[in-house]
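Just one chain is shown here, as structure tokens, and it is the form predicted on its own.
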């Protein structure tokens, strides 16, 4: 309970000020615990930030996985996953700010944690792409391109979420629909064997 209290306060302060400008004094005040207690539970500032990243990354991935319904077609699985992802960003804006804006800006081991989260998300989406291809009898083609296309989708989803922080009047369902129309229609053409090629070399 005390650890959660400290992490909640730290996420709020880090999201507001960024890693470098955030102070342990303010985190202590917001959490309502002494600085020595923070150090005892979660370590110094760098350790605390890393704990924040790991907790929020785990919560976000759990939210997305919980939203995916395994008994529906791959496109609907992705749709539900995207809605869960944007629902998480909407409910935990401070978490997303720490994960996507602060951790990547600071770099180092913090960015490495976010990269690990992105890799897990890519693996999840790639599985849906391959599953869709297999349903169409094109598993080999989908396996060849699935990971790269999944990386493109995850990157687009992240960028759209970051844009959404400044345009919160758009609903999570609309965001998911935009991305499905932009990305999944292309995936569907690919698994159907319809591939775009340039007309000039």
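All figures in this text were calculated on a predicted structure; none of them were measured in a lab. Positions refer to the first chain, counted from 1.
Form predicted in complex with the DNA: not shown, discussed below.
Among heavy atoms of residue 177, none comes within 4.5 Å of the DNA in the predicted bound form. For residue 152, no non-hydrogen atom is located within 4.5 Å of the DNA in the predicted bound form, even though that partner is not displayed. Put simply, residue 37 is close to the DNA in the predicted bound form: some heavy atom of it is within 4.5 Å. None of the heavy atoms of residue 63 is located within 4.5 Å of the DNA in the predicted bound form. With the partner omitted here, the stretch from 40-48, 65-73, 169-177, 154-162 that lies within 4.5 Å of the DNA by heavy atoms in the predicted bound form is 40-48. No residues of 147-181 lie near the DNA in the predicted bound form, the criterion being any heavy atom within 4.5 Å.
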